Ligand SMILES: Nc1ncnc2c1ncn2[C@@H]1O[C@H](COP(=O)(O)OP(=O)(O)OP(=O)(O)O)[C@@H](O)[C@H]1O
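Coming up is one lone chain in structure tokens, specifically the form predicted on its own.
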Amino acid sequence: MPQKSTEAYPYAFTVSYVERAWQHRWRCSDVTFHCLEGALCQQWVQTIREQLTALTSRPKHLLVYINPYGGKQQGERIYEQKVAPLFTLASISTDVIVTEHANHARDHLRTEAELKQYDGVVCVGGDGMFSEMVHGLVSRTQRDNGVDQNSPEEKLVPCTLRIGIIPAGSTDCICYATVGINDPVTSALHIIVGDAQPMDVCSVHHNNTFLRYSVSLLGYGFYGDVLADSERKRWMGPARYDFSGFKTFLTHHYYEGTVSFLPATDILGTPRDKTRCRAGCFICQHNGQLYSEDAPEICETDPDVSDSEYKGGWRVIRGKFLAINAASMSCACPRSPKGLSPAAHLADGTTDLILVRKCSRFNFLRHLLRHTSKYDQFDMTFVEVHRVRRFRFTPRYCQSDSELDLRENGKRLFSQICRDHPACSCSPAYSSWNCDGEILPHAAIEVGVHCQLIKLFARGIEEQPVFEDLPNPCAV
């Protein structure tokens, strides 16, 4: 790129590069080199371009989906003003699709998209849009490889295409866990540089029927009730989450049921070891390798746990719970800087199962406040956490017949009582599962973790002190 030259050096070229900024942000900067001879200038430019072309990790052609309705409805503006110019600067060609309805991206990826011509797929939106992409890409990969998604014991085939996410949503939990900040420019630069961060994906089944995939949080009880209530108050906008959360806290419903899980043994790391998942995480690398070696054994048909407390390596816990959460990542966000499980890892083949038993409102409030503090949020008598590979949940009123539709079951059990006593304040028989912000239709579910099923255009959260030790930039 010719720049204003000087009399002594009439030829010049400019190199654009990535520069680390504050709080995990990346920025694009330029440096101009002046040359005495035009041939030398062209030789430098040609050599640099050849070196960049040789980097096979860098994408050259991307499929981009833009959600114009998510978050503050700024998806198109963010892409056109902040992201597209960077892609052009890096010589990345794109095919852009503006989604027109819910699940548009999922259905297009699953059926129509010619994926072989792309180096990756990118979504501009929030966590919901990212979930659509995961469902479309994973489903397409399993279909192309003849894998039955309805079988809980089936080993899924990892996706070859990387997924990029440009944050334009309300929470952007995925960006906080994989990059450290929800900044569109930073995410775009990670895509350009060609980073690759593997991620686990949980599959959720009910009676050998596939329901959904989850990459961040599965929540039953408190978080399920908050989502179900907020869905009925969409007219309130983002404030509905605060209102529904406060209402759910005051309601203080608990739910009876059985949780059975297969603990992750012989792995590095525990949910309470305070080891954060960071760029180049050794725990993810070690446990991912361990999972690959043990995969045939893990994927065998699991035993029926019935009434025994331990059987076939499974553990069974029965009780009354205020919340049952499965965190596949820290789930950190601005309101909860540490997240639900600060030591959860992105790609170790496990999920952290958090059980909050029935307790007083005051104690439950203490537990919720721990999410925003530096203290150990699991250091409470009514809270326990387990790192697991698989788990099942069966509500008490569905244990005898798992084929029942739980919503109809709950209505049948309690409708007559509550019709006769409308002010009885009966606790409902079941809650709803919050699966990455979507409500599942069943409460009795089986969940399995699929190690490193997808890869993102990210590198994990970099430690802040590393910035001072790594001055060398990455050329755009």
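All values reported here derive from a predicted model rather than from experimental measurement. Throughout, we count residues from 1 along the sequence that is shown.
Beyond what is shown, the protein has a form predicted in complex with the ligand; the following relates to that form.
The shortest heavy atom separation between D225 and the ligand in the predicted complex exceeds 4.5 Å. Interface membership of D348, defined by any non-hydrogen atom within 4.5 Å of the ligand in the predicted complex, is ruled out. Contact check for A102: a heavy atom falls within 4.5 Å of the ligand in the predicted complex. By the criterion of a heavy atom within 4.5 Å, G128 is counted among the residues contacting the ligand in the predicted complex. With the partner omitted here, the stretch from 79-87, 168-176, 108-116, 151-159 that lies within 4.5 Å of the ligand by heavy atoms in the predicted complex is 168-176.
A heavy atom within 4.5 Å of the ligand in the predicted complex is found for exactly one of D195, E132, D229, D183: E132.
Taking the ligand as positioned in the predicted complex, the residues of 225-242 that bring a heavy atom within 4.5 Å of it are, in sequence order, R234, R240, Y241.
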